[in-house]
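What follows is a single chain, given as structure tokens, in the form predicted alone.
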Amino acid sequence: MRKITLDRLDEFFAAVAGKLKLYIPVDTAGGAQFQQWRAGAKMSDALNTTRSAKDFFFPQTENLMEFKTEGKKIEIIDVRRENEDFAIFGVRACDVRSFDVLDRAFLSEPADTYYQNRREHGVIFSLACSKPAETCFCGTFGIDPANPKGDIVCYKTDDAIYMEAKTEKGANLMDSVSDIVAEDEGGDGESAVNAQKEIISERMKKLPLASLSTDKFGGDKTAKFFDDPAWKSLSESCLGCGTCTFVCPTCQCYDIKDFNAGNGIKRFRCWDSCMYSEFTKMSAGQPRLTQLERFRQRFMHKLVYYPANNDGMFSCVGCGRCLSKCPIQMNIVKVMKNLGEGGENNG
């Protein structure tokens, strides 16, 4: 385990940034956001960023390729730039789990090489959650905010950050800045980290959603929930705005379009949302015509379809972003409570 005192944190960031691009959470007018570290940048104390670290591996928009035509000749231009090493500092346990969910979608054969390249070049500094918010329910999905995964796991105390490399990528990066962040030779780190883990665990037990359970959901529940009359009342207030899907760290739907730039064709990928009326619309028609069907699709995918195809893993990580960002306070917690209790809880 290595240690850096908080008064030397900028030195550490500068050392890491000297090896590769470094991104940290900083406060902005729109909430905490990951931004590239620059001298003088202050790391946010916010529990989580407004948008997740998903953007680094599956960006909202990206160019896939370009085409140029001359007569019957077509030139395909590879415009990929996902070959630059980078590190993300301060990723919370819920967002680290989201990478596992995304990996199963994008790294299954045939692998999405755009996503794959970014994953291979990225180093994750995870950070334990010392003060979980009331909207957090990551424990529902077996995530321990006191023991996050990642290439390098970090714990922040009142005066220092303790770091432990968990992967070869993490160890190599830490070794490269060993002159700044040394081994915790005094042995204080282990006791400080264990004390923080106990505090986090106790705080998690007191959260409002600590008792929320997935016991009534899973891959074998399609027949049970698909025609549940509760979907009608739950979906009636949904605006179909897609906010929940855009802040969600595990949503993975996208569209691919070609754009005529005047001197050639650009093919790009952009996020899409299952809550939109034209999502997956084809020449033959729209497979989900009503908001009820689209609303049901989103939550059935999180709680039933995804675990059915991924060894029981749910595609929600309990980060709480949809709870805080939905304009009409509709979210997966309300859906779980309503369906799980047979429609008795509608709030």
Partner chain sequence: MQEITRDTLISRAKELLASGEVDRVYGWKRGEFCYDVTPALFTDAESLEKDFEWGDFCGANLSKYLVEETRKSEGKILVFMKPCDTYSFNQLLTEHRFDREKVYVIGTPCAGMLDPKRIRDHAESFTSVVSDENGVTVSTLFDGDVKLDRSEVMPDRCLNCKSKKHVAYDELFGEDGGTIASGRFDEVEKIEKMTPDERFEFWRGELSRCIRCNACRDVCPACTCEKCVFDNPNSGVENKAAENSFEEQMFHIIRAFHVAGRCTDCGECSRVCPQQIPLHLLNRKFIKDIDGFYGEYQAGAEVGSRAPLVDYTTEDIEPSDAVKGGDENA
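Note that this is a predicted model, so its numbers are computed, not measured. Positions refer to the first chain, counted from 1.
Quick note: we don't show the form predicted in complex with its partner chain, though the next part is all about it.
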is_contact(residue 18, its partner chain) in the predicted complex, heavy atom dist at most 4.5 Å = no
Give a yes/no on whether residue 51 approaches its partner chain to within 4.5 Å in the predicted complex, heavy atoms considered.
-> yes
Partner proximity in the predicted complex: residue 255 to its partner chain, non-hydrogen atom cutoff 4.5 Å | yes
Answer yes if any heavy atom of residue 210 is within 4.5 Å of a heavy atom of its partner chain in the predicted complex; otherwise answer no.
-> no
Looking at its partner chain in the predicted complex, do all three of 28, 276 and 323 come within 4.5 Å of it through at least one heavy atom?
-> yes
Counting only non-hydrogen atoms, the one stretch of 141 to 149, 159 to 167, 83 to 91, 128 to 136 within 4.5 angstroms of its partner chain in the predicted complex is 128 to 136
Among the candidate residues 241, 180, 171, 107, which is the single one with a non-hydrogen atom no more than 4.5 Å from its partner chain in the predicted complex?
-> 241
Identify which of 123, 247, 193, 101 has a heavy atom within 4.5 Å of its partner chain in the predicted complex; exactly one of them does.
-> 247
